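A single chain, nothing else alongside it, follows as structure tokens in the form predicted alone.
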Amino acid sequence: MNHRGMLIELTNRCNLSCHHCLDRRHSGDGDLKIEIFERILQNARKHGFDYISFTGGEPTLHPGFTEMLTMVSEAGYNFGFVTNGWNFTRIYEKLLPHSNKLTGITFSLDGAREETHDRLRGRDSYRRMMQAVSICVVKDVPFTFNTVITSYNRGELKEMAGLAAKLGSRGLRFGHLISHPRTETEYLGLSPAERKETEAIIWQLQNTLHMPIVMASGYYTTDLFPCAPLKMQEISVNWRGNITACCNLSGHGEDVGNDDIIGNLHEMRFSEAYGRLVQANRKFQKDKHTLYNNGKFKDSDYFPCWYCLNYFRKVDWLSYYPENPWSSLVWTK
């Protein structure tokens, strides 16, 4: 059975200030309104969605987080959430009454070693995350890890996979860094060639460990539409109530292209916004097919997230970084 999920950004506030985080995504100035969340729960199932994933920011910082757990569970959705683990000792008991609907918790792991993880996420973040993992092991709460590949941790991919397996994780997902000015000034990003090198290591790890190891969409592929959002298996709502083409795209702020924002649930019904998303996806797929069939595809376009960043005009700022290996690859219409 195919499950369809919704990624809901509960807040853009966060208790950490990670170096690889999108500049304007976690600026600490807003939470999703409870009434919008209630509207989503009332309507999403009509369109085949049966799973909710809480994201952020740090979703556990939402003042209504406990209430939302009850709401999603009583509405019959399975759910999970992504967290840095810092607050887990405070909130984990709130999860236990809903364990029959909790499919798993995803912890952000950005280094196999404490110094690497803390270099990106801040002092004591590794220790707090490991405390959270220990609670999950004792309480039999399923968990996985998510790793953003950066120049800081790319040498620890095998170590992170081994650590995740040792701790009892049900899986490890690697994902490429989403480019933005902060990551470029701190030299966190990888070149196209370096990305391919890390992908080769990850594909090898898949064959050496019994634990599931995957890559988030964004890796080099000839599949023109590899990700769940473009297959309408997943849709995203940010903390403002915007339905967006992809959660990664919406984090780039409003000073760049914002055609990825489909509609706002404060202003329209869920069904109307969903219908607009379907139409926007059809246009996107048609445009990409046309570019490909006309022989205008660049090698970088086979990195799907990079293609979308160009398509929605999210990377024009790279013109100010001519030495960056991606700067010559910006596609302008």
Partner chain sequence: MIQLNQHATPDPEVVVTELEGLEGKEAVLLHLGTKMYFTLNETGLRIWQMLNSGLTPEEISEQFLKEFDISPEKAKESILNLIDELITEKLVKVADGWSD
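Residue numbers count along the first chain shown, from 1. Since the structure is predicted, the reported quantities are computational estimates derived from the model, not experimental observations.
Here the subject shifts to the form predicted in complex with the partner chain, a form of this protein not shown in this document.
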Could you tell me which stretch in 233 to 241, 158 to 166, 73 to 81, 215 to 223 has residues with non-hydrogen atoms within 4.5 Å of the partner chain in the predicted bound form? 158 to 166
Exactly one of Arg154, Arg127, Arg170, His98 has a non-hydrogen atom within 4.5 Å of the partner chain in the predicted bound form; which residue is it? Arg127
Could you work out which of Lys139, Arg182, Lys94, Lys196 is the residue within 4.5 angstroms of the partner chain in the predicted bound form, going by heavy atoms? Lys139
Does Glu114 make contact with the partner chain in the predicted bound form, using a 4.5 Å heavy atom cut-off? yes
Test of understanding: in the predicted bound form, would Thr89 fall inside 4.5 Å of the partner chain by heavy atoms? yes
May I ask you to check whether Ile105 falls inside a 4.5 Å heavy atom distance of the partner chain in the predicted bound form? no
Exercise: Val133 in contact with the partner chain in the predicted bound form, heavy atom 4.5 Å: yes
